[in-house]
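What follows is one chain in structure tokens, specifically the form predicted alone.
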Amino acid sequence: MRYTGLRSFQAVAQAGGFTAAAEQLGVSQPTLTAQIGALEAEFDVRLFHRRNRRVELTPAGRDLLAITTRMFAEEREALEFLQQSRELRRGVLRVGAVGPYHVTEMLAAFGRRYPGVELSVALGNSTRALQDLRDYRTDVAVLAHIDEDPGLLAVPYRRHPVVVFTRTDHPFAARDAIALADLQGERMIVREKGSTTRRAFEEAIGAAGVAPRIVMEIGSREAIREAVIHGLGIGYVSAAEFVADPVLRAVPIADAQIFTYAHVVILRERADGRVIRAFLDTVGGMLRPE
């Protein structure tokens, strides 16, 4: 009964309501309501605030959700283990990444090696990708930066320089390279806070005492590219992720070592998971000296 109640609690918390959760679980709403009520009554705790048809987690509910999310993620991993053959003909791998460039080549190599494993990828900035990993919403994260953390296992993968890019009618476009000082007062379009490319760039210009004029903050590489094409300012990006266009030009920075990195990151406690280990082994075979 307690397991059923916890499963019902997880479903209601994720669905945001009893009706949607009941449909997902294939039970009636009164049954689901009774299961949650029994769980709350047994432990004398309130897990949800009921407001008409909407429900919100109480503080105790939020704490319990963190536990049940881990519990059911481990249950899912156990079931996947039992379903998979020795050759990993079945399974699921969920990857979070800061951009499509590196993760696409990783998934392509993994898919060729294990065609029966279902793959999914969620794109976002490093902050979001790392939180999804910690919350067990993904199995692997491909991040540009990772702070020292004993709970994480990180494998360095690639390193690329950051370049400025402009319209071809901008004075920078006629040059082979620029210096950081050339960016003083320039109209610049930047990524959102949480972007590691922005973090690396701002550390470099801060150390050089250079202050561009930030005219726009956008949470998408593609949107920044379009803004530059329309003449709203200049941007910067990893050289590996610059998309060529007849009206754009990438310009190296001559006097600063600004790099973006790609790290494959997992939770250390999940390092023995078969699908995760297979992915790390695949990536290990793709590493090359910088």
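The numbering used is simple: start at 1 and walk along the sequence shown. Quick caveat, the model's predicted, so the values are computed rather than measured.
From this point on, the text means the form predicted in complex with the DNA, which you will not see here.
Phe18 belongs to the set of residues with a heavy atom inside 4.5 Å of the DNA in the model of the complex.
A residue is said to contact a partner when one of its heavy atoms sits within 4.5 Å of a partner heavy atom; Thr58 fails this definition for the DNA in the model of the complex, lying far away. Although the partner is absent here, Arg50 sits close enough that one of its heavy atoms falls within 4.5 Å of the DNA in the model of the complex. A residue is said to contact a partner when one of its heavy atoms sits within 4.5 Å of a partner heavy atom; Pro246 fails this definition for the DNA in the model of the complex, lying far away.
Only one segment in the set 60-68, 29-37, 217-225, 257-265 has any non-hydrogen atom within 4.5 angstroms of the DNA in the model of the complex, and it is 29-37. Along 220-238, no residue reaches a heavy atom to within 4.5 Å of the DNA in the model of the complex.
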